[in-house]
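Form predicted alone, single chain, as structure tokens, below.
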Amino acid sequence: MFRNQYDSDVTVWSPQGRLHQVEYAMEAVKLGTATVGLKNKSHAVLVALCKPLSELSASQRKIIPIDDHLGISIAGITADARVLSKWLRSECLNYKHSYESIYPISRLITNLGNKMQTTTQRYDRRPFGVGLLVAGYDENGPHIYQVVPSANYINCKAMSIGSRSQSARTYLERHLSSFNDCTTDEIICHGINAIRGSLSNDELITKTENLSQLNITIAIVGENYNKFTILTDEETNKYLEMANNSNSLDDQRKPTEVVGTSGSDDDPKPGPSDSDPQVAVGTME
């Protein structure tokens, strides 16, 4: 009720213990187009949905390479993402020049969180209005990190951020147990199917028959790749067709419902115990 009295400055706490400017920045992430990050035991994959701002403009780049072993996918304000990506590149170059090795991803994400946190406690700055999914590969294997405007960072097995990302997270949670044993092609198809769940109903109806109409960008990094690689349009279309074929096979494997005909009065009618096992427990006495 008194939010307008406490949201004019990022350093002012509300009586409920909230920083409204930080929450506004996190809401900006939810307005960006969805992006998905997931990994198996050897590779990390980013899949980003690209939408133009209008019919007269081209779509903006949603996946940004940082180093040979690292890249990010963004949701939110692209200008803020460019500032953070420039800082990440400088850190990776300085570390490589000093130690002649790649920057450990966990340490880099920690330093990124510290940089983003300083903007939440100074009156002359504002929080970064962008969320990041960081995909990388180092000596500890593949990594997927989520970084939010509040400077919190989470080491994830799979994650989705952006507009309508809850549907994509539901798909990822349902298939999470199978990701570790998936091949590279299968993990990319899972990412495409997850990003497909973030489409609106109108877009989903028009693109159900042909997944190749999806305007997405796919990037992968892992042990079989020399560096962080953004797939070309031809490779993306190949994986779109592969995901479309896998969906068709899954639909064929689903059992069809058997519609029963109306029987005579002599047919036994199912009681409460036949229709619901919980009712059977409740009526056992």
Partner chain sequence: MLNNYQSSGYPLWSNGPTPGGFYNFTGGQQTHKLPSELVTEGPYGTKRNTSSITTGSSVLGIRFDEGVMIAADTLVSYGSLARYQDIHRVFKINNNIILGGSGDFADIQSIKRNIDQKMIEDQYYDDQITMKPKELSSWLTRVLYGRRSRMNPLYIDVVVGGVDKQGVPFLGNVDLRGRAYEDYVVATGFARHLALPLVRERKPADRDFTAQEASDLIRKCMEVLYYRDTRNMSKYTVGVCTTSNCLVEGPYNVNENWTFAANIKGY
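Positions refer to the first chain, counted from 1. Take the two forms, superpose them, and find the largest set of C-alpha atoms that agree within 1.5 Å; that set is the rigid core. Note that the coordinates shown come from a computational prediction; the quantities given were computed from them, not determined experimentally.
There is another form of this protein, the form predicted in complex with the partner chain, and it is not shown here; the text below is about that form.
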Stretch in contact, per heavy atom within 4.5 angstroms of the partner chain in the predicted bound form, of 165-173, 185-193, 126-134, 139-147: 139-147
Proximity to the partner chain in the predicted bound form, single hit among 90, 111, 178, 152 (heavy atom within 4.5 Å): 111
Partner contact for residue 97 in the predicted bound form: the partner chain, 4.5 angstroms, heavy atom: yes
Distance check, residue 106 to the partner chain in the predicted bound form, heavy atom within 4.5 Å: yes
4.5 Å heavy atom contact, residue 122 and the partner chain in the predicted bound form: yes
Exercise: residue 200 in contact with the partner chain in the predicted bound form, heavy atom 4.5 Å: no
Flag for residue 232, CA shift 2 Å or larger between this form and the one not shown after aligning core: no
